[in-house]
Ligand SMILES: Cc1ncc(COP(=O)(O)O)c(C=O)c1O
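Presented as structure tokens, the chain that follows is alone, the form predicted alone.
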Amino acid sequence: MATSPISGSELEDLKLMAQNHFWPHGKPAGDMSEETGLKTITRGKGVWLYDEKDQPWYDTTSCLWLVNLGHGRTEIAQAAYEQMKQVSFTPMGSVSPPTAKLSAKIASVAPDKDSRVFFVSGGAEANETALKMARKYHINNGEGTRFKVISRINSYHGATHATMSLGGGTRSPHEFEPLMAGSIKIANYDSYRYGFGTKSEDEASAEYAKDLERAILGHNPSTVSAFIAEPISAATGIHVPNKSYFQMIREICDKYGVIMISDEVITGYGRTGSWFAIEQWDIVPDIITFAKACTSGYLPIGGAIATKKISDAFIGDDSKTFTHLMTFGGNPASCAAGVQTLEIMENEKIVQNSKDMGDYMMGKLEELYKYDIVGHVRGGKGLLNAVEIVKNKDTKEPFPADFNLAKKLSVLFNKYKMIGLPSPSSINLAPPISVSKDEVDDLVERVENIVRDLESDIK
């Protein structure tokens, strides 16, 4: 049901409140201007968000890769509301029915059906939990010397202190040094500009995987606790590794006793056309982290899914206990929303829709290669895509920083009524995975308009 546009005086009051008191994430505080400032969003439906004038904007990245079922799903809100009427919070030493149900539901779609789920309230907490879980696992197995964590350069695992130390994809991590001790970086996967002087993706893939082994050996295997990676990294531009990459990673981790953590905060719960992205490489990681889409973004949630091998190591006397907690971990209302979300996904075959619409969108986006500035169209696994804009298609030369591509894209996003996250090099796309074919066509048409306008402006 449409809401009435906010009146002029009310809107001005809201903007003044935000200007004076709201501290936004990743943007200058107080900017509520039409050109660069925050937008006021009053409602949503499906792939659409509506501003204070009730004008529709296309949600191109499911807000932050989390509103997988689209906006306005009242049945999720109703499930949380009904649970809150029963009990909104349960104390330590207890478990609520929806928390038990969600843990079982998640395990049923995880690679290891005997997994256990440790709930927290967000993605950064999930990854910090996984790091502590890996460390304690080694201690429980008599290998207390293992504390180092290997991650891939420019990956993103959260903005808390420990997760910010991983990868370095957080904005300006150097401002918060010293970072977590024992954080080791290796090369990240690039399907466009092959590293290590290689000439094919197969050759590059092998070298990217071997870089993990080189790091383990260079830092003494007996000191390395875990390796963490996103199956497909949004922070580095949606580069999809080939089949052999993660299989080699799994073999290397096994060889040296290193815990493999798959960060699925963005890719989990159907985003890539399977429940968890890592399944598509036919391997089972030791720990999978999740958040965001488990409730389709309707309530905060997160967690670490540990295989039976990992979780069984914490069973025994008190010394084996995982002494770690998060206040809102397993919150009954959030878990009720999660149960409802996963049931909707099953009933409406949302994971299959993600695969089908992802294949369709990839095909439509590849038509953009006809433009001189489109260097690389990436994706091919569900609804997680990027269109990289380059200065020279033949040499793959990017536009220089002073070209301000991200700013130019932001202006064009506004022109074509798109809300998203334009990067300094690409147009990133991840609409709700409940998207229809007509809505995909609409999105690709808007993207093509942006590319056409940008190319015309350059010429």
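A quick note: this is a predicted structure, and the numbers were derived from the prediction, not measured. We number the residues from 1 along the sequence you see.
Same protein, other form: the form predicted together with this ligand, not shown, and the subject of what follows.
The partner is not drawn, yet in the model of the complex one stretch among 369-377, 189-197, 257-265, 95-103 has residues with heavy atoms inside 4.5 Å of this ligand: 257-265. Looking at Asn331, you'd find every heavy atom of it more than 4.5 angstroms from this ligand in the model of the complex. Not displayed here, this ligand is kept clear of Glu128 by more than 4.5 Å at the level of heavy atoms in the model of the complex. The shortest heavy atom separation between Gly158 and this ligand in the model of the complex is within 4.5 Å. This ligand in the model of the complex is not approached by Gly168, whose heavy atoms all lie more than 4.5 angstroms from it. Between the options Gly297, Gly273, Gly237, Gly122, the residue in contact with this ligand in the model of the complex by a heavy atom within 4.5 angstroms is Gly122. Shown here without this ligand, the chain has only Glu230 in 218-243 lying with a heavy atom within 4.5 Å of that partner in the model of the complex.
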